[in-house]
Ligand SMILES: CC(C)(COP(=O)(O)OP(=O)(O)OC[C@H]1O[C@@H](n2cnc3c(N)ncnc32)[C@H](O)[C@@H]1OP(=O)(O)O)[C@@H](O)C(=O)NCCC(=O)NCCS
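Here you get one chain, nothing else, as structure tokens; it is the form predicted on its own.
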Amino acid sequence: MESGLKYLSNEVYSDPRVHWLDNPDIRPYVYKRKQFRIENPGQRFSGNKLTWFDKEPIVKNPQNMDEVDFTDQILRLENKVFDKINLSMPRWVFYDCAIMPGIIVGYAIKKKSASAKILQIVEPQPHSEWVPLSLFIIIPTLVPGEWVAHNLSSINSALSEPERFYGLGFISKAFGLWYANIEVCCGMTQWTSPAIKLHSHYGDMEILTAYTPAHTYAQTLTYRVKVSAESWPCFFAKDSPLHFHSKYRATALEVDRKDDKSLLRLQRLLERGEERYFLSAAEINSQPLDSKLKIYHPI
């Protein structure tokens, strides 16, 4: 059987580096309160012949006291990733702002198959069967069909390269968008963060804010994408999402990601509300994190 990540459209796309998806001891999980139901998970994407998420997910209830160990492990993982940039999530925020209004998804591995390093990071209890490798928090908004991506973490950042699960963060977010049938996803990332390369490949990236002083880091990009699974394999192929240049034209504008004045100029243009501005995922993925980026308009 061909291993790796597969996407079926006119041709088969696969990547042997994502062989961990075929491991029977690794499965997606959904961590949500029982009142939060998703009707027909993945149905919105059924026409895309996406084969990444064929495994039945593990479903857990964070309001069940017997599942609190999974919460503890998720938070240890998240804190390991975000402590160094002072953005780790307090426990009450996880409950109030993630569990109550949204869902948490990711991938988990059976404890018996987890490496000593993974077990050291998440510290499961003796009775635990599964340990989380990633988490993605997604929360519905008052705008119909629109959700906000609150947090994405992967254990890869704490592992050496040979130990990592290639594409884990990207696939974890894709699974959440797929599972909840999300049409529009908004999110936040810093302009020079490596995460911007990942977030730009779930659909065409529209800029909502370029300079965001309401955030801890004012140099935060707020974005919105109309979710399109056709864009997802392009992340691994390091290719341009389909038909981008047939839908958008480059303007005379550029944004200097490391220059507050440049970010502020773009922000003021956004606040006028006269135009919609987009970024090219292919340019984000292929250029250094401190490079200038072209700004695009819809044609």
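For every residue, the number given is its place in the sequence shown, counted from 1. Just so it is clear, the model here is predicted, and its values are computed rather than measured.
Omitted here: the form predicted together with the named molecule. The next part is about that form.
Chemist: Counting non-hydrogen atoms within 4.5 angstroms of the named molecule in the model of the complex, say which of Gly167, Pro124, Gly102, Gly203 makes the cut.
Modeler: Of the candidates Gly167, Pro124, Gly102, Gly203, Gly167 is the one lying within 4.5 Å of the named molecule in the model of the complex.
Chemist: Consider the chain as shown here, without its partner, and state which of Leu198, Ala229, Ala114, Ile207 has a heavy atom within 4.5 Å of the named molecule in the model of the complex.
Modeler: Flagged contact: Leu198.
Chemist: Only one of 139-147, 89-97, 115-123, 155-163 has heavy atoms within 4.5 Å of the named molecule in the model of the complex; I'd like to know which.
Modeler: Contact criterion met by 155-163 only.
Chemist: Does any heavy atom of Ala282 come within 4.5 Å of a heavy atom of the named molecule in the model of the complex?
Modeler: Judged by the heavy-atom cut-off of 4.5 Å, Ala282 is well away from the named molecule in the model of the complex.
Chemist: In the model of the complex, does Pro194 have a heavy atom within 4.5 Å of the named molecule?
Modeler: It does: once the named molecule is placed as it appears in the model of the complex, Pro194 has a heavy atom within 4.5 Å of it.
Chemist: Taking the named molecule as it sits in the model of the complex, is Val81 near enough to touch it, meaning that at least one heavy atom pair lies within 4.5 angstroms?
Modeler: So Val81 counts as contacting the named molecule.
Chemist: Answer with yes or no whether Phe235 is in contact with the named molecule in the model of the complex, where contact means some heavy atom within 4.5 Å.
Modeler: Judged by the heavy-atom cut-off of 4.5 Å, Phe235 is in contact with the named molecule in the model of the complex.
Chemist: In the model of the complex, does each residue in the set His19, Ile109 and Asn181 place a non-hydrogen atom within 4.5 angstroms of the named molecule?
Modeler: The answer is no; none of His19, Ile109 and Asn181 reaches the named molecule.
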